[in-house]
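One chain comes next, on its own, written out as structure tokens in the form predicted on its own.
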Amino acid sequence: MAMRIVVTGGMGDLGSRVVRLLVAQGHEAVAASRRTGLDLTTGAGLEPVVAGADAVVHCADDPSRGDFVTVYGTRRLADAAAARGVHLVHVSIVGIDDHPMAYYRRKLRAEQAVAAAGGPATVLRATQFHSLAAFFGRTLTKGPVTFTIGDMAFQPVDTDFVATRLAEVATGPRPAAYVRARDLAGPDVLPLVELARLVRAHRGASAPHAVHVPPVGRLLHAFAESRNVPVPGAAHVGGRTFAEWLATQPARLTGH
């Protein structure tokens, strides 16, 4: 049976993939964003978007705006969905429970807002996407040197793998209340130095020399302890490896 599913941030990288998957399955996928009249910072356009939806997949975010989209926008959306009994599927990040990074604290508060709304909702946490892991590998490498902190590592996940799971949850049974789906992660855990080596090799450069930086402060300690990496066996693992994803990218990586 075809469903009407709204995807916030439906024109972004993750959201657009969810939209394509849903359309390919025969569902009506509504890509909602500021360009289509939905502004989560004010709530403008929210009522007509949620009305008549069978589910909402919440991919919209804007870390540059602090709490306004990540926390307050999510709260508005969760309240609107709960008022209509619409299943809200919210994508979040693995390892945010005890992590001092400001953005991770916001994502945790967003999850709490979804739970507090009291409606049928599923939170799906994923590890960092391959593109973000590559960004860390690039930015923490200066010339032939990679600066690493303790056991800093990533278990990056393929964006398509996450999009597929979001579509599955949205089209699956609606929960009676708030639930956490099993976390998602990629196939391999990569220390930062190995990430940097793969990125440099991709553009024909030699392996970097590792310089270990002492973890000073709560934030560096969190990365040094690899809190962003799920406990072995805790996550649903799948999708392309980082090396497989990297092989499809241009030699000179940009963005994150």
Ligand SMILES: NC(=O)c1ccc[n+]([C@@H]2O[C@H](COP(=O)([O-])OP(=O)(O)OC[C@H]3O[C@@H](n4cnc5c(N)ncnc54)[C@H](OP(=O)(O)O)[C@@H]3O)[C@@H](O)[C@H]2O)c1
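Everything numeric here is computed off the predicted structure, so don't read it as measured data. Don't overthink the numbering: it's just position in the shown sequence, from 1.
Just so you know, the form predicted together with the ligand exists too; it's not on screen, but the next bit is about it.
None of A243, V237, M11, V23 but one reaches within 4.5 angstroms of the ligand in the model of the complex through a heavy atom, and that residue is M11. The contact with the ligand in the model of the complex, taken as any heavy atom within 4.5 Å, belongs to K107 out of R165, H99, H87, K107.
Per the 4.5 Å heavy atom criterion, the ligand in the model of the complex is contacted by stretch 123 to 131, the sole one of 78 to 86, 172 to 180, 123 to 131, 140 to 148. Though the partner is left out of this view, I93 does reach within 4.5 Å of the ligand in the model of the complex, counting heavy atoms only. Remark: Y103 counts among the residues lining the ligand in the model of the complex, judged by a heavy atom distance of 4.5 Å or less. At the 4.5 Å threshold, heavy atoms of S226 stay clear of the ligand in the model of the complex, well away from it.
Although the partner is absent here, L198 lies well away from the ligand in the model of the complex, with no heavy atom inside 4.5 Å. Applying a 4.5 Å heavy atom cutoff to the ligand in the model of the complex picks out S33, R34, R35, L38, D39, L40, T41, C59 from 28 to 59, in order along the sequence.
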